[in-house]
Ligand SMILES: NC(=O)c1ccc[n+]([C@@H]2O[C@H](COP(=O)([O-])OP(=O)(O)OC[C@H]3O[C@@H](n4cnc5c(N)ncnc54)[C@H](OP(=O)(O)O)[C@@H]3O)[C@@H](O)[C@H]2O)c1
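As a starting point, one isolated chain is supplied in structure tokens, in the form predicted on its own.
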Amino acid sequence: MSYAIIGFGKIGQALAHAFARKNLDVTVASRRPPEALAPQARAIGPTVVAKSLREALEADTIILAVPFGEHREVAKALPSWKGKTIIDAMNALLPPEELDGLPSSAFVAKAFTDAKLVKGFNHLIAATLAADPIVEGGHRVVFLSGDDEDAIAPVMALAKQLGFAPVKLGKLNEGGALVHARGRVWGQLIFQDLFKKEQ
């Protein structure tokens, strides 16, 4: 399984730290050319490699960490997203009517035709996401939701590999609503820094 993070701001870099901590290979890309990202990528760790957007999109699993409005530009980069899993780590601060009344991730899914989409890694602030998720004998919780059951399992496996405790919330418009930002309203689980003790 290959991974890419699209967007190399605070959240993208925080996720890159999570991959580097576990020596997992990940490609990073943004609107900026790879040579502009390379020094920061190298500083995070040797498994974090900056590439062009086109090259990064060759990955099987793509984490979207761009500002919400930019996801459409990313979506245009490939004619088909079949066989790809998109992890939506973005938060939409738009009023619901601009999202056609949909949860933000369902709105995003429309742009990535034929991709499997999972909402995840969006409810923690960047500094918390970048920190070691293993604390006092427990693992920091990340919430995952999606309408494609088959897509959630590998994302849960990735979250565990990164040291997090994944908690499945169900479909995007059900439990997923708890981690969606809509307009000026934050889902009840956003910014909740929870831990799960080892069983």
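Note that the structure is predicted; figures quoted are calculated from it, not measured. Residue positions are given as counts along the sequence shown, with the first one as 1.
Note that the form predicted in complex with the ligand isn't included here; everything after this is about it.
Residues with any non-hydrogen atom within 4.5 angstroms of the ligand in the predicted complex fall in just one of 63-71, 158-166, 44-52, 136-144: 63-71. Using a 4.5 Å cutoff between non-hydrogen atoms, T85 does not count as a contact of the ligand in the predicted complex. Although the partner is absent here, T27 is not a contact residue: none of its heavy atoms lies within 4.5 angstroms of the ligand in the predicted complex.
None of the heavy atoms of A18 is located within 4.5 Å of the ligand in the predicted complex.
Taking the partner from the other structure, the ligand in the predicted complex has a heavy atom within 4.5 Å of a heavy atom of K10.
Here the marked residues I6, R32 and I125 all reach the ligand in the predicted complex, each with a heavy atom within 4.5 angstroms. Along 136-158, a non-hydrogen atom within 4.5 Å of the ligand in the predicted complex is carried by no residue at all.
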